Every structure is written in C-alpha cells, then in structure tokens.
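We've got the same protein chain twice here, in two forms, each standing alone as structure tokens: structure 1 and structure 2.
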Structure 1
C-alpha cells in the first residue's frame, strides 16, 4: 500500500471521469424513493450530498444534513450483493424446433463495474460471499467473472446508526483490506488510501498530492469518533455453542409471535445466498428458461421435500436463520455470516433486533 494521498473535494469529479474513461459503469449511492440506494451514476451530482439517514429498529428515513458532504450516511436497503449475485439469473434455455429440442447455456455479458461508496461492513460481506461462491470444489463462474471485473472504492464511515454493531463483528467501521481505493471524507476533500495496483493505475493520472500530517490526524479523529458512536453490541464469545445449546428455549416462541416471516431481513442482508432454480416456459411452450432467483429460509416452500415443508412454522424458520447466521455458518465456512451492518434490524417491519433476541435466548450481555 502506498503512502496516503489527498483529493480536494473539487477534484472528485475527475475521479469519476477517470473511471468512466476506463470503461467502468459506476455504481454508487443515490437517492430514489426516499432512500439511499445503489444505482448507476454519471456525475457526482447524483450522489446524496447533504443527506443522511435516520435508523432505528423497523425505522428508516432520510433527511438533509447541516453540511454538504457526499457520504455522511450509513447503509440503506441495497447491498453490493445484487450486482455480484443478481436476484434473477438466466442459467440456460431449451428451444423447441422442427428437429426437437436444442439447449444452450446462458451467461450475462461481462461488465466492468466500479463500486463507489463501499463501507467496511460491506467489504467484509463481499469476503464472506467470496468464501461461499469461490472457495471449495465448486466455483460459481458467473460470480467469479463479476467479482474479477469489479473495482472497489471504499468509503470509511463518518457516522454510525443506532442499529450498527460492526465493532462486535470486527468488520468496521474502518476499511482495512479488500479495496482498490479507500476514501475518508474530510472537511476539504478526500483522504485517499491505495489498496491495489489497479487502484494505483486509476489514481495515477490525477496527480494527487501526498496527504499532510493534519489530514492524517483528521482521519484518525474521524475513525475514533465513529467507533464511539457505535452503541449496539453483540457478545460473540462462544456464541456458536451458546446458541446451539438453547435450541429449545421458550424465547424462540416469543420472537416467532412477532416475526412476519416476510423475508425482509434475508433480502437486505449482504451475505445471505439462498436461491432456488425453476423452469419457466413461454406461453406457447416452445421455449423453457432455467432461472435462478434469490430465495429465503423464511419462505414456507424453501424446505419443501416431496411437497411437504420441513420447517412448517415461523418459530423453526426464524431459529434456522439466526442459528445459521451466527452459529452453524462457522461449521460451514469457518466464520460468522453476520457483519453487523444492522440492515436486518432497520428493515424488519416489526423492529425485531437480532442482538436483543440473542441476549434473550442465550442470556448475558449482548
């Protein structure tokens, strides 16, 4: 990693122009339908400058800030998962013709995507999904192609929401690895860290100056302030065994009475990877497409075997989700499946808080 650089705020459009010049489609935070979401942008004017988000369990609102910073918010309902592991993928197609059926394998066209605004917890989530889709005997080639074609510009958090608990999961709020470039937004510009040779190649023509000691001190103060704002904590000590030792605790019934089994938590989660494959015929039945769609362990049909669901009540489905995320994920992948982003808490319609439920089920400080 090279010495930190400094990008004056007025020069940020040059970074975006450089990415577009290199052929990248830039995906970044923008405002749509009263939420900060990820979408393609063409200008820094598309960024949510001067806006922040307000989050509580089951509550999300955006509101203007008293400053004009570009990245003074936390995370919204989108995650980068939707670009690396799309919600709907066409796998193959069967076409009926005069000589019978022909079969073709389908894959999306390769794209160069530049992700601008990736937070530390999201870098950790990407690493977890890399473990799922790239490690082991079976590699998801579509995910691999999209991952290798992506350029990651991380942004260190300057604020934390009441739902963040990244410090408990050792995933933030500071970006340390997994990026090509990392930005820290200061009063007069961006403190820039280069994390890869590709990042160096992108930034080289911009002729940035070395960051000063004052810039470094300002960045360090911002990191410390953000850490101090993280008020939610999850006790992860021996959490796998504590959860698995309380599978029959009556408190699972309590949370099941509130849970709507709506799948929101798994849809907004940046690490959940459940999916199902279905055959979709055309109306005239001459073409059949095989599609892979996101699925959720909260769906009744997800565990159907020979037409009969294995987990036929909300209690068993909520327990499966929580114990897999925080316990058996360790058995499967050697790490937790949670990065502490707090999305599942924010976007739960009834405000179920994962950290509170773990505390109730396992006892002790959460």
Structure 2
C-alpha cells in the first residue's frame, strides 16, 4: 500500500467529486433534526463543518465549535447499519394466478454507496455484522451485496464523548483496518491512509503529495489526545464469566425498574441484528409479501415461542440483551458484540448506562 498522503483542506471537494464521478452515492454525517445523522450528501457544504455534539447518558445536543473542522464530533443516533441492514426489507413475494401460486425472490436494486466518516468503532461494528450475516452456512445475500458494493472512508476521531468507551472494547479510536481510505483531520487538511486497492484507485487521480513527517506527528498527537479524552471504561477481563455467574444478582431487578423496554438501545446499536419476518397479504389475497423488519429482544412478542413469551418481564429481557451483547456473543461468534460506541447510553430515554450496570451486577474493578 502507498505511504500516507496529504489532502489539503481546500481539495476535499475533489475527493467528493471523484466519488460522485465514479457513480457512488455518498453518505456522510450531516445536520438534520438537531442531530448529526447519516444521509446522502452532494457537496462538502453538507457536512457539519464547525459543529460538535455534547453527549451524556440520555442526553444529546449539537452546538457550534470555535473551529471550522469537518469531523469534530463523535457518533450520533444513526449508524451505517441502516444502509447495510435496512430497517425494512422485502424478501419475497407470492402471487396467485391461473396456474396457482408463483414465488419470487426480491432483491433491492444494488446501489454503490460510499460511506464518508466511518469511525473506528463503526468499522468494528461492520466487522461484527459481517460475521453475523456472512459467516457460516447461511449467508445473507442482500447484506453481502450491499457490503461489497460499499466504499468505506474512515475518519479518526478527534474528540471523544463522555459516553465513548472504545478503548475498553479495543475498537478505537484509531482506525486500523476495514477501510478503503482513512482520514485524520489536521489543521490544514487530511492525513490520508490508503487501505485497499479500491482506495488507491479512487485517490490516485487526485495526485496528492506524500504526507510529511510533520503531518504524521500531528496525526499521532491527535490520536493520543483522543485516547486521553476517553473517560468511560468497562472492565472486560473475564467479563463473559463474571456476567454468566451473576445471572440472579439483585441488581438486575434494580435496572429492570428503570428500563422502559422501549428498544432504543437495540435500535441504535450498530451490531444488534435481530429482525422479524412476516407475511403481509394484499386485500384480495392474491399477493403476499414477505417482509423483514428490525426487531428487538426487548419486545415481548419477539420472545414468543409457540405464541407465548418466554421472557415475560423487563428484567429477563434486559438480562438477555446485556448478557448476549457482552457474554454469550463470545460463545456464538467468538468475540464481544459491543464496540463501545456509547449509543445505547446516549439514546436511552432514561439514561441507563451499560457500563454502570455491568459494574453494579458483577463488579467493575479488577
């Protein structure tokens, strides 16, 4: 791979133009609904330049900064999951005709998406979902198609929020693998790392100069500063066994008293992958669509077996979520299901903090 390059800040539009010229639809952070969300952009003007976010448990606000950086915030309510694993998918259709029923598989029109601004924890989340959807005997072909079609431009975080704990989950803040290009925003431009031959093909025609030692030092300083800003920690030592040996701890009751079972944590989680499939008939019953929608282990119906819920209280559903995410995910997929992005903490309407609950249930300090 080529050595790091430098993209002067004034030339960022050229990178975007290059992606658009190659036929990519560019998805990036942008301001909407008083939040930094992921949406299609047409120009670098659409990026939240000069904005940052403020996060606490159950609290999120955007506010202007005193600088004009493009990426001076962390992750918001959306994740890239909504593009790779869309919330509503049409899987198949059955049509009744003179010859009886015919069945067709539906697949969404493949789009070439370029994700601009993917953070290290989000790269880790994509890798986790790759394992869920692509490994093993049953491959989710829709996910596979969308994932292979997407071009990933990572951005190294220049700040950390009080809800970030990527350093505990070994998922950030530094982007190491899983990108085509990675940017680090310095005072006068982007320090660019090339992570794939596709990335090389995209960046080549921009004829960028190699990054200087000074650029490299500035980037290293920025990584160190961001790491020092990460204040939340989760003790992951033997976490699987610590949780699984505390399944009847009284603290589960305490969190169940506060938990709304509203599904927000699972919806914003970039690795949660549960869905349900239902058949939706037309009024005249000649067409039946099979739809797949995001679902959640917090929904009572989701826990139904033979029509009867097996986790018939909030306590058991919260415990299922937390132990799956942090413990039994290891049994199932050989790794943790948490990347430490902090979304479940920020977007919980009553500010339940996963790290605090883990510490309460099975002791935090080793």
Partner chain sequence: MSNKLRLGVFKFASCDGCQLSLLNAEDELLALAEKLEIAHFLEASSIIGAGPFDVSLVEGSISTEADLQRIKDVRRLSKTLITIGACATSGGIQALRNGASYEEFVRAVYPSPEFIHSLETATPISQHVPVDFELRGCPVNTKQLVQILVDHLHGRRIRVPNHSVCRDCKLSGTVCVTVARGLPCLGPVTQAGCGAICPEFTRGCYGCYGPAHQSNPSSLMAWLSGHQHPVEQLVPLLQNFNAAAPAFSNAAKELQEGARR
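Predicted model only: the values in this text are computed from it and were never measured. Superpose the two forms; the largest set of C-alphas matching within 1.5 Å is the rigid core. Residue numbers count along the first chain shown, from 1.
K.L.:
Please let me know, 1 or 2, which structure is the form predicted alone?
P.N.:
Answer is structure 1, the other one does not fit.
K.L.:
Would you say whether residue 97 is displaced between structures 1 and 2, judging by a C-alpha shift of 2 Å or more on the superposed rigid core?
P.N.:
Moves: yes, 2 Å or greater.
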